[in-house]
Each structure stands twice: as C-alpha cells, then as structure tokens.
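One chain comes next, on its own, written as structure tokens: the form predicted alone.
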C-alpha cells in the first residue's frame, strides 16, 4: 500500500536527506586509491553517528554493514571489506540509508578512482544523466511510475546500448527503507503503474551495466554482479512528489 506523507513527515525526511547528502558529497575528499571499501564504510558510520543518525542498512534483513560499496562489476549490495582495495581506474558506488528521528533517506553515488577509461567514464555520465531524466519525468503533471522507467530505459538502453538491470528497482522510502511502490528503470505490462501523487516519496535509482542487463547473486546472499563481468553504475536520489513537481531531497 502506497503511503502519502504529510508535510511534517516530508520535512523530517528532507532533514534526514540533507545530512545524507552531506555524507555522500564529503566522500569526494575521502575516497582515494589505496583505501579499502571497509574504510569507506567506517567513515560513513562515524559520520552518521556524529550527527545523531542511525545507519538504516546495518542489520537490515541481516545485512552486516552501514553501506553497500560496489566496485566495478558489482552492481549493488557490495559488502565492505578490508581486503578490497581501491585502485586507479576503478569505479565504486556507495549506497547509504540514513535514519534521523525515524525518517529514512536513501542515496547512491558512483565515484571514479583516478583516471578511468573513456568507456567507463561514459557509462558513469550516462547513468547520472538517466537519473536526472527519471526525476524530470516524475515531476510532470499526471506522470506514472513507469514514465520514470521509460526515461531511464530510453537514455541507457536505446540510445547507448547499455543493460538496464531488471531484477532490482527503485522504491518508496521515508518511513521505512523499502516501501511501495516499486520504481522500475524499464517498462513492463506485468508491473503496477500507479500515478505519482503529491505526498509520495520515492527512491529513483538507475542500475546500469555496460554489457548485459543480466546479473547474478554471490553465495554471500547479498553481492550482485553483472553476469558478463563488465562494469556497472548506480546513481540514486530520494525524491518527493509535490504539487509543483519532483523535489530532489538528497542534495545539498
């Protein structure tokens, strides 16, 4: 059941989102070649706790860490490890959920480590642009959930030939980590297509692969990788649907 948020609830979610945005944007000066993915996780944990927040992912369905840190061919849910060391040419997505005063925010950015290949850089740029197009589609009067997916799919799959992950989608957020509705990055007659209404808060999150859209889950039950071993990108914002359009909450 889709829950429309009140103005007071959206204000609370907005505050949580601002703090999360601070954390993610600060990683520009933190993430570097030679550090481990666990170093990133520890930094984010300390950031969240110092600001009076709760790391929403820690313990969620048994997940062991504060963040999902996904490198190169890991699409989502990469478990931070002291053994996984970043090197020049890598791309790494950092997915964080942050709870403040009971309100949940969710956002992801993909970072480039040193000089990446032109192909990888293009994938990252296109995925970020697809997120912006999805948000723009969500803000149109009378828009439906799958208008978001159509915008993302056209940019990534049709215009650039990338694989759009179909096993995972965006989602409602704000009072819990995952809420209705599902927000796919593609169009399907088999999925619900509710109209977007003021009061809805959703996480729009293109997960885009350089090659096939197919993915596999490792034996740890969390780590999702591209089936062909090619790189993947992931960008995400928490967005409120208002009378005026779509408001990006997870930004400075």
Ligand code: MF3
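Given the structure is predicted, the values throughout are model-derived calculations rather than measurements. Positions refer to the first chain, counted from 1.
Unshown form predicted together with the named molecule; subsequent notes refer to it.
- Residue contact with the named molecule in the model of the complex: residue 202 places no heavy atom within 4.5 Å of it.
- Remark: residue 68 counts among the residues lining the named molecule in the model of the complex, judged by a heavy atom distance of 4.5 Å or less.
- Contact check for residue 123: no non-hydrogen atom falls within 4.5 Å of the named molecule in the model of the complex.
- Although the partner is absent from this view, residue 90 stays clear of the named molecule in the model of the complex, with no non-hydrogen atom inside 4.5 angstroms.
- The stretch that touches the named molecule in the model of the complex, counting heavy atoms within 4.5 Å, is 170-178, out of 170-178, 114-122, 80-88, 134-142.
- Though the named molecule is absent from this view, in the model of the complex it lies within 4.5 Å of a heavy atom of just one residue from 215, 210, 57, 27, which is 57.
- The partner is absent here; in the model of the complex, the one residue of 147, 95, 182, 73 having a heavy atom within 4.5 Å of the named molecule is 95.
- With contact defined as any non-hydrogen atom lying within 4.5 angstroms of the named molecule in the model of the complex, the contacting residues in 216-245 are 222, 236, given in sequence order.
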